[in-house]
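Let's start with one chain on its own, the form predicted alone, as structure tokens.
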């Protein structure tokens, strides 16, 4: 069961401006009144960040969902921030193009929300993140002033850093109203190649082998834990005579049909040298598995969307769980997966192993678990190797302290606070939810 914005945020009401001018007017009025504002896109990531405490007004971007300009020959598109990712994908597909940033719940997620949360999926290894595709942006800040950065052509770098500043800002610097994106052609062909991993050592060997591989994967996904044990799409690679092993490794390949065929054969040869059999998944199984890979961060056990209902009395929610993301150097991926498994044996993991990004899903944990498990062990371990660990969603709101959600303040925290004050001097945009607010 999903939850609405009013259940997740302390909203006194919601407005849905029809255009950017009306939106700017709403922000100016809120600034004059000192009213906190909570930007709302598709509502898929409202439980990301610290719990909202200050009552305020919801600012829906639902009516800002137009395609403003699409010169397909230029491989760029300008759209309003409230457009659904699935709608954007369908429009691009008509011209055999795409924005290769795969996020969960694309039917609900909006482009503005994806930029504000810097959401990404398995394709980030081969194609990067949304940060790599935003070349122009229009924003209204906390004073109701409209700003623009970047431009419509890829080579236009004026204000480019301003685009990047908005990515991952969680709506605390400004409300994104429009963005210009560069796009890519759709691949002619694609394939998923998978294998069963016997143990951690074998996983390390195969991942190290991919560094020198003659193939060019677009995704390197390492899967482990109960959530993947009964995955129907992976049944052909289950060895009947052994146990579940460590997990599975799934490689995505894209290109022309000839390129994909050549790379699948090459990868099979390379894995054979390690004594591992490569399985090319049939199209229908590959499609099913790719959907699971894309939706994993947003799904509970059983595949239902993961939302954190508001807990006004700070009481634990039955079957409460936690979804978190660890960023470490790619060479430390297996080490962090092992640690997560030691801390919580029933956790499930999806690692974008080529990037060192690990999504950990814990179906349950005891009271006080975040302090003991997360702050006490996982966060320090990630930080020790130059990484970080943040919570994406958690039902036990009472445990979501600033350190639990965002970790220790980064060295750049003072700079981030200074930038925030320039654009939102009254701290009215998504107040109290980001690392510095």
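The shown structure was predicted, so the numbers you read here are calculated from the model rather than taken from an experiment. Residue numbers count along the first chain shown, from 1.
Below, we refer to the form predicted in complex with a small molecule, which is not included among the displayed structures.
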{"query": "In the predicted complex, residue 355 touching the small molecule (heavy atom, 4.5 Å)", "finding": "no"}
{"query": "is_contact(residue 103, the small molecule) in the predicted complex, heavy atom dist at most 4.5 Å", "finding": "yes"}
{"query": "Close approach of residue 297 to the small molecule in the predicted complex, 4.5 Å, heavy atom", "finding": "yes"}
{"query": "Close approach of residue 248 to the small molecule in the predicted complex, 4.5 Å, heavy atom", "finding": "no"}
{"query": "Among the candidates 223, 170, 260, 267, the residue which, in the predicted complex, approaches the small molecule to within 4.5 Å (heavy atoms)", "finding": "170"}
{"query": "Heavy atom within 4.5 Å of the small molecule in the predicted complex - the one residue of 400, 30, 52, 46 that qualifies", "finding": "46"}
{"query": "The small molecule in the predicted complex: contacting segment from 197-205, 267-275, 339-347, 174-182, heavy atom within 4.5 Å", "finding": "174-182"}
